[in-house]
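One chain follows as structure tokens, the form predicted on its own.
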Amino acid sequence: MNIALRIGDPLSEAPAVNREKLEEIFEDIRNHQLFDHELHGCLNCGICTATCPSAHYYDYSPREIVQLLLTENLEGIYDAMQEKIWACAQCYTCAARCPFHNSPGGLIMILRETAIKHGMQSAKDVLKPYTRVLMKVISTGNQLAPNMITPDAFADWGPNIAKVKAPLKVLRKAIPMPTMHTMDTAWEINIKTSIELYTIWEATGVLGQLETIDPNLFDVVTDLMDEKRDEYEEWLEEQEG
């Protein structure tokens, strides 16, 4: 009998999920090749949370993540994967301080990978802003170009770069939004290199994860790389001829 669980409080936006799904998610977490590497035990001392920069600003606690995994709290783990796991800054201060040599930051990476694998809405929401960046990298081999920087927005750049204290709105002016259409690439990428990068993503499952998170972007990327592969094959034939 499947019992639907509503994770969190009644106002939680986490979708209803049955017990079998919760167990499937946890098995993927526990069977990750790095899981036993990152989790050894817990004194519940709180050093990780006390030294965590993110814990000072967000509803996030490295200790909570470790405790949830150690106690196999499936509902709590799922709930944390809806928002809390995305607050980690991946600085690994927690790993450096833990007397048990746990790595909450490493565990967060496992949880994030699992959230992506299962196509959780939290993963889709977090990764959506990076769509433009991925398309820029795939299509040109570059994310940024020198002329994307607006010098007027960074008056202190140069020998006094450490003194930059511009507000966020000013910083955002440095990289205009329509970069795909208006900016050049920083350097020309060899088509063979571009195809090799795509092949690595293909072989390591990155593209499969992209298909889960954003099917439309996956289709665009696939079509683009098919064109590049055809172009490369034609170039090879010309060289042999």
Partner chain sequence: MNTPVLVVGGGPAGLSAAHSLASTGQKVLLVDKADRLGGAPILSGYAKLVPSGEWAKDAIGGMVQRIESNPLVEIQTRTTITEFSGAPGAFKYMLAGEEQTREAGATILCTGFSHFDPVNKPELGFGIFPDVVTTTQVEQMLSSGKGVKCLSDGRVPERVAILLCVGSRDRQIGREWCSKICCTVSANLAMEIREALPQCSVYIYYMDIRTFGLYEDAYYWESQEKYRVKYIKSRIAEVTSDGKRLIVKGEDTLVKRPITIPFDLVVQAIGMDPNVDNARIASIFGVELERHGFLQRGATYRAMGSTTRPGLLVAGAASGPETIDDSIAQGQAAAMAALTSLKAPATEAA
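Please read all numbers here as calculations on a predicted model, not as lab measurements. Numbering follows the first chain given and starts at 1.
Here the subject shifts to the form predicted together with its partner chain, a form of this protein not shown in this document.
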Looking at 26-34, 194-202, 50-58, 212-220, which lies within 4.5 angstroms of its partner chain in the predicted complex, counting heavy atoms? 50-58
Note: exactly one of Ile189, Val206, Leu70, Cys45 sits with a heavy atom within 4.5 Å of its partner chain in the predicted complex, namely Cys45
Pick from Met109, Ile77, Ala95, Ile138: which has a non-hydrogen atom within 4.5 Å of its partner chain in the predicted complex? Ala95
Glu38 versus its partner chain, in the predicted complex: is there a non-hydrogen atom within 4.5 Å? no
How about His101 - does it come within 4.5 Å of its partner chain in the predicted complex, if we only consider non-hydrogen atoms? yes
